[in-house]
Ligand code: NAP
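What follows is one chain in structure tokens, specifically the form predicted alone.
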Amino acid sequence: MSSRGLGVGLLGLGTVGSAVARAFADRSRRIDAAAGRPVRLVAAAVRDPQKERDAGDVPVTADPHAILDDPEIAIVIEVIGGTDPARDLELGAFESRKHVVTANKELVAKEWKALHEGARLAKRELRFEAAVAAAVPVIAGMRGLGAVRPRVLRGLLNGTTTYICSRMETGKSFDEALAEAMAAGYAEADPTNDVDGHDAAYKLSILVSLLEGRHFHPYNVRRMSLRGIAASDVSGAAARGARVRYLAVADFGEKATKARVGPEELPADSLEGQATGPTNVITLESDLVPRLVWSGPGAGGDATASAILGDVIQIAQRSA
């Protein structure tokens, strides 16, 4: 193991950020062993430094630029979410010659070109495994498929909608199932991103961009909301041996890629039809490899933290 340590700074200390901080506190030996060198969480930037958190006693600051300017920090983890101020902070991290790891699917999907250009100019890494499917290593999988010609990508990319659909199968209305999802912590207080398909569209945009080697903007993804789904739609599907799930699909045609997210009927015995709760399922059909499937927990603080730490470890292994 190298004796040269590597400092990490956190932007955001909510559910995911706190899970990352706890992991650094609880399993530092495992992280160091995997990285081949000591990796230390130096500090976290938060909105309210006085707020009590279960975050492993990481030092906190209200100034995110203190993280960017700290010479001890080589890797910045951004888990603020949204595009403002996350965009400027990530680009600022590159300007400060730091690597960036993020779980921010909206920012990566919308600002693909700017972020990748920032990383290229700084000769630093941009990694975002946690932006799609949390603990499921689908980003790593897609990165390794540069030689294949994709045909169809489909799957369940949003755990909240899967939870709602599966609860409606028990006789709940959409509103009742949504209320349960919010109470269980699967849906935010404002569930718009989930139920109206923005979250799934961001994730599909990222996967298509990786497979095509160019930016596929989320505005090119056709969205249908889950809000219009009725109990009769769910029971009718069940009578036909099917289940309703919120599906993301990209069809890679000869001239153009068409992408959509929305509720669709699927066979009840399919991987998607059997999925419940926060389970994500992603299937890729291509020419060289007929069918690949990724599946696992696509939401939750610990699951997302595992993907973030995987990216940190890989940067640590590759950094001089």
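So that there is no doubt, residue numbering starts at 1 and follows the sequence shown. Note that the coordinates shown come from a computational prediction; the quantities given were computed from them, not determined experimentally.
Separately, the form predicted in complex with this ligand exists; it is not shown, and the next lines address it.
The putative spot formed by R53, N104 and G300 is fully lined by this ligand in the predicted complex; each residue has a non-hydrogen atom within 4.5 angstroms of it. Shown alone here, R291 lies farther than 4.5 Å from this ligand in the predicted complex, counting heavy atoms only. In the predicted complex, this ligand sits within 4.5 Å of a heavy atom of R47. Among residues of the shown chain, G81 is one whose heavy atoms approach this ligand to within 4.5 Å in the predicted complex. Under a 4.5 angstroms non-hydrogen atom cutoff, this ligand in the predicted complex has Y186 among its neighbouring residues.
Heavy atoms within 4.5 Å of this ligand in the predicted complex are found in one stretch of 166-174, 228-236, 188-196, 68-76, which is 188-196.
Taking this ligand as positioned in the predicted complex, the residues of 6-38 that bring a heavy atom within 4.5 Å of it are, in sequence order, G12, L13, G14, T15, V16, G17.
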